[in-house]
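A lone chain, given as structure tokens: the form predicted alone.
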């Protein structure tokens, strides 16, 4: 297991969220059900850097710029 950022997640692998960027973005992610300590799965890596993550049955697309700021444990 390595520490990194969400943009480095491999398709099909689980990642554990270590920290979210502060401010309004953090509030929005928490409203979507994504919080520190959660384990999510990287479903897809789209061209342009967008990452699709899944938590439970919910799928969320996260752009590269935001994914680059979310610290995770890569598994």
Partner chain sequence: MRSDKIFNADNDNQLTFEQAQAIIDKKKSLVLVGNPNVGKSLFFNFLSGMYVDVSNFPGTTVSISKANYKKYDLYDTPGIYGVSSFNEEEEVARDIILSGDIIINVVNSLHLERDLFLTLQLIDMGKKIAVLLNFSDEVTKRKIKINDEKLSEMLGVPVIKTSAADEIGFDRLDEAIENAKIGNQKLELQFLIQQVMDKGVSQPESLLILEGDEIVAKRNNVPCGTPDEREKIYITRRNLVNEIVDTVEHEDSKKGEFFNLLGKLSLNPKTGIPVLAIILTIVYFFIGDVISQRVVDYTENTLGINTFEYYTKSFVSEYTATSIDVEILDDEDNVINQKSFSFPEGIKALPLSGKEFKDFSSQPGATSTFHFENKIVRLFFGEFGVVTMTITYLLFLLMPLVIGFYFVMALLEDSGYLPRLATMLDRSLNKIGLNGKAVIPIMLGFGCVTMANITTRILGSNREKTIVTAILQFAIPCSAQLSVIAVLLTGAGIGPMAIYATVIFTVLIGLSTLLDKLIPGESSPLLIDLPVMQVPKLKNVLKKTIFRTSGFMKEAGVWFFVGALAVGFLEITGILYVFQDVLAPLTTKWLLLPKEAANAFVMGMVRRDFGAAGLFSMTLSTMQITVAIITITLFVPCIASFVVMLKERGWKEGLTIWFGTWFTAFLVGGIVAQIII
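Bear in mind that the values here come from a model prediction, so they are computed numbers and not experimental data. Positions refer to the first chain, counted from 1.
In what follows, reference is made to the form predicted in complex with its partner chain, a form of this protein that is not presented.
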Quiz item: Is residue 19 close enough to its partner chain in the predicted complex to count, meaning some heavy atom within 4.5 Å?
Solution: no
Quiz prompt | in the predicted complex, residue 58 touching its partner chain (heavy atom, 4.5 Å) | solution = yes
Self-check item: Any non-hydrogen atom of residue 63 within 4.5 angstroms of its partner chain in the predicted complex
Solution: yes
Quiz item: Does at least one non-hydrogen atom of residue 40 fall within 4.5 angstroms of its partner chain in the predicted complex?
Solution: no
Self-check item: Residues of stretch 8-32 in contact with its partner chain in the predicted complex (4.5 Å, non-hydrogen atom)
Solution: 22, 23, 24, 25, 26, 27, 28, 29, 30, 31, 32
